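Take a look at this single chain in structure tokens; it is the form predicted alone.
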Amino acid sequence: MSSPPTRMAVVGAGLMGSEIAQVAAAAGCEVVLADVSQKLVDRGLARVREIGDRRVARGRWTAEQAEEVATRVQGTTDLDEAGASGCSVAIEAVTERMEVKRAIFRGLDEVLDEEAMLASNTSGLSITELGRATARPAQVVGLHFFNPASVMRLVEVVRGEDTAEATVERAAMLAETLGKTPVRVRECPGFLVNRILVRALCAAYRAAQASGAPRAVVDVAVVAGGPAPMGPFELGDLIGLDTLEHIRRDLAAAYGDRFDDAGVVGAHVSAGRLGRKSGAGFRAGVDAGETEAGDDGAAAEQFYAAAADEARRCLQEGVVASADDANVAMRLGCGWEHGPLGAEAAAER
């Protein structure tokens, strides 16, 4: 098994890329953080420092520790000139557009050493397709960090059709080196967590649309009725309804009507109500006096039943190896108190 990397590249200095770079630097890696413009690189480097400053303010780090981590991250607009050939791992974290990612993977394939592993932080695009844009598909893997990566413990380690078992093991070891918990996932549309979560959201939205229940009532019922820390409407606003609709449509195209939301999300997006980021959404921008009293236990029941059903499908399809994997992923990726397949996991033990 390969030893943990001492130097790695992160391509994309946006929110996820800079967070991943910070995580790697905090674990002791030297990091080359790349983007297409110096402005974007500088913004990413500033975010790395902001994370350290927050930890100093909370008494978790000393100022010297924060500075040491920040200086391990080198910004660049030219990976070749920055010495990417010395990196044993490169993680791509750019926009969720396959043509952009393919171009990056082709470029990385040219500048990195032959043994280097290429990883994508994609939340659902094909690892197989990305791998086949390179001359090393066996060394291409998904490393899906969750936002914010500096805090969230889960990493989905996603195996494409061509990914070698040694690469999966290497990627899982890297995640552990970075202080994360890896869950191995076989490639499929939406991977694991998004499949389970968005399926549950769609079920709750359909139920609320059918019953006419107030959104606040549904949110209260879901939190009261199970392990989720946030109701489906409040969570949709947090995710961003445009982002959620993009994911939901991809999943509906792949899996059919169980990802139908009765048009609820798309209607808000068309009206420009995108959630917290726009100041208006399901609950954002709504009168604070909206009642939370009521009992829409049916919506909550459908929310959790849909999550459990999708998790079982993932287990049956071999997307994950065990019910425990699905449970761990939902606990660490979504903050659930326990996973959707508690009974199945208990039976395995």
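Worth saying up front: this structure is predicted, and the values here are computed from it rather than measured. Throughout, we count residues from 1 along the sequence that is shown.
What comes next is about the form predicted in complex with nicotinamide-adenine-dinucleotide (NAD), which does not appear here.
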Check for me: heavy atom within 4.5 Å of nicotinamide-adenine-dinucleotide (NAD) in the predicted complex, for each of A25, V31 and E68, yes or no. no
Per-stretch contact check against nicotinamide-adenine-dinucleotide (NAD) in the predicted complex, the hit in 132 to 140, 202 to 210, 173 to 181, 117 to 125 (non-hydrogen atom, 4.5 angstroms): 117 to 125
With a cut-off of 4.5 Å between heavy atoms, is V36 one of the residues that contacts nicotinamide-adenine-dinucleotide (NAD) in the predicted complex? yes
Flag R313 as yes or no: does it have a non-hydrogen atom within 4.5 angstroms of any non-hydrogen atom of nicotinamide-adenine-dinucleotide (NAD) in the predicted complex? no
Quick one: does M330 come within 4.5 Å of nicotinamide-adenine-dinucleotide (NAD) in the predicted complex, counting heavy atoms only? no
Whether C334 contacts nicotinamide-adenine-dinucleotide (NAD) in the predicted complex should be assessed with a 4.5 Å heavy atom distance threshold; does it? no
So which of K101, R159, R273, R72 gets a non-hydrogen atom within 4.5 Å of nicotinamide-adenine-dinucleotide (NAD) in the predicted complex? K101
Going by nicotinamide-adenine-dinucleotide (NAD) in the predicted complex, which residues of 78 to 107 come within 4.5 Å of it through any heavy atom? A93, V94, T95, E96, V100, K101, I104
